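Take a look at this one chain, the form predicted on its own, written out in structure tokens.
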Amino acid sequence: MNNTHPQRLERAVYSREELCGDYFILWIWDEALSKQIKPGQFFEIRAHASLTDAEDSRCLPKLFKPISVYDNSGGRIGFFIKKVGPGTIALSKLKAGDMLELIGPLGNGFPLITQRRILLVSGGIGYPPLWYLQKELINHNLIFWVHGGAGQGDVFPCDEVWTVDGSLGKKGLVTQSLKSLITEKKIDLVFSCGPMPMLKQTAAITSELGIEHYTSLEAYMACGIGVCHGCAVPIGSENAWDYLRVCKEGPVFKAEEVLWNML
């Protein structure tokens, strides 16, 4: 669980980076904040109220968006974002010097482990938190990373790419190769983040093979700070379970403890 008290902050955009398709990265600079963040944590962020027009301003409370930390090094903090709705479109209009409103760091984050054979599995916008994670793990573990997307505009650097339309890498779903890949690479630990169907299938495979698996869940968050319980998911066993909040007790859970059939 995250023991760091979330902060509400205003920070200037240090720089922005354009990626393929609808993706972009916003960078901020805060050395003190940087030291508090762990791989897998996220922030609620939005464009500062002063940068929105009058119509947008009426909707501002709904425009905070949960965004995972993509990179964090020596004060340089990156948010890897896809334009999918009003909140992220507002963020996409920001340029260096514009102000961001942030709440965080939020959530628990991934465990940092050494001397393991690790498989990273991501899909679409599930890529960013695993990028930060692999930077922290790569010097102390053997890592192989598979990533999938709808098309070539949804995939990014990794070891094996899958696209649904076959426009880049292998054609199909990223989960198609997992069972054989885990066996071939002698994988003993899996980290995953991405769309729910991908996570469910990955969890089913790791359960069948008896492989340790940590997964970062995505959920609708009305508040992002544990107050509204809108992001609660069933965690535990079929005989003893409870609803835990993705934003507070998560977003990272042991896959074996998620009651996937109830999601």
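Computed from a predicted model, the values in this text were never measured in an experiment. Start at 1 and count along the sequence shown; that's the residue number.
Omitted from view is the form predicted together with a small molecule, to which the following refers.
- Heavy atoms of Pro128 reach within 4.5 Å of the small molecule in the predicted complex, making it an interface residue.
- Looking at Ile67, you'd find a heavy atom of it within 4.5 angstroms of the small molecule in the predicted complex.
- Using a 4.5 angstroms threshold between heavy atoms, Asp30 stays clear of the small molecule in the predicted complex.
- Though the partner is left out of this view, Gly151 does not reach within 4.5 Å of the small molecule in the predicted complex, counting heavy atoms only.
- Although the small molecule is omitted here, in the predicted complex none of Phe110, Tyr214 and Trp260 has a heavy atom within 4.5 Å of it.
- The contact residue chosen from Leu178, Leu133, Ile81, Leu119 relative to the small molecule in the predicted complex is Ile81, the criterion being a non-hydrogen atom within 4.5 angstroms.
- For the options Gly85, Pro157, Gly74, Gly97, the one in contact with the small molecule in the predicted complex, meaning a heavy atom within 4.5 Å, is Gly85.
- In plain terms, the part of the chain that comes close to the small molecule in the predicted complex, with a heavy atom within 4.5 Å, is 86-94 out of 141-149, 86-94, 181-189, 167-175.
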